[in-house]
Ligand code: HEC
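Single chain ahead, by itself, as structure tokens, in the form predicted on its own.
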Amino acid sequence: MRKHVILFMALLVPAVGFTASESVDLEEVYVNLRDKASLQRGATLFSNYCLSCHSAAYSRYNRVGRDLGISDENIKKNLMFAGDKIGDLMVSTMPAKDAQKWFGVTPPDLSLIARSRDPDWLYTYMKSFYIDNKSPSGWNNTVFENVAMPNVLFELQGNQRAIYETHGDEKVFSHFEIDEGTGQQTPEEFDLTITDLVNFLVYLGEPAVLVRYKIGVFVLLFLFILLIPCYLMKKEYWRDVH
């Protein structure tokens, strides 16, 4: 079922908005663009949680399906909620004028977010939402302080709380705690969910990398075969020289 929620609202804003994360220790994420299953899961997450508000207007549904091994039928059934034709661009269902009116800014396109921000940043950011009753949305983020977007994946992650320790007059973030029984996934499962999503965002930033993987194999094979006549030619040439 399509979840009409706001994902990544303020994830890609003017660069000045990212200065709050400079002092945060980022968690490392393992990106593997050869893992088609992960990319397929990430595409499903992106379509269900992101395309309500954000676009990936540099990509088309049929190109994503072809690259990730998803049939047109499954694309239409499970991923294509914001388009009519399989060749449509992946654009948001939210009209730009309405978004400007509701949020004060049009939600940015996420096609290149993984290239403008490090994948480790995206991974840590998506895991770092916590309940903040003082925030208008009810949520805050340790990576992006006072972020405007809520934690739209809280049903999967659970109600996460940030625990701070007092050092003198300063409060320092210590760790997160999740209210027991509030999440549909275990912390380990949620880590894998965010990994799949980040993996797909990295793919969106440069879909051609999957094509290069395939071409690279044939190039190496060609060079290996070419080595044989080159070696024989070298032997023939140096035989006459000596």
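Definition used throughout: the rigid core is the maximal C-alpha set that superposes within 1.5 Å between two forms. Nothing here was measured: the structure is a model prediction, and the numbers come from that model. The numbering used is simple: start at 1 and walk along the sequence shown.
The discussion below concerns the form predicted together with this ligand, not included here.
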property: Any non-hydrogen atom of Arg117 within 4.5 angstroms of this ligand in the predicted bound form; result: yes
property: Contact label in the predicted bound form: Val29 to this ligand, heavy atom within 4.5 Å; result: no
property: 4.5 Å heavy atom contact, Tyr49 to this ligand in the predicted bound form; result: yes
property: 4.5 Å heavy atom contact, Cys53 and this ligand in the predicted bound form; result: yes
property: Options 178 to 186, 194 to 202, 210 to 218, 55 to 63; stretch whose heavy atom lies within 4.5 Å of this ligand in the predicted bound form; result: 194 to 202
property: Those residues of 106 to 140 which, in the predicted bound form, come within 4.5 Å of this ligand by heavy atom; result: Pro107, Pro108, Leu110, Ile113, Arg117, Trp121, Leu122, Tyr125, Met126
property: Cα displacement of Ala96 between this form and the one not shown reaching 2 Å, rigid core superposed; result: yes
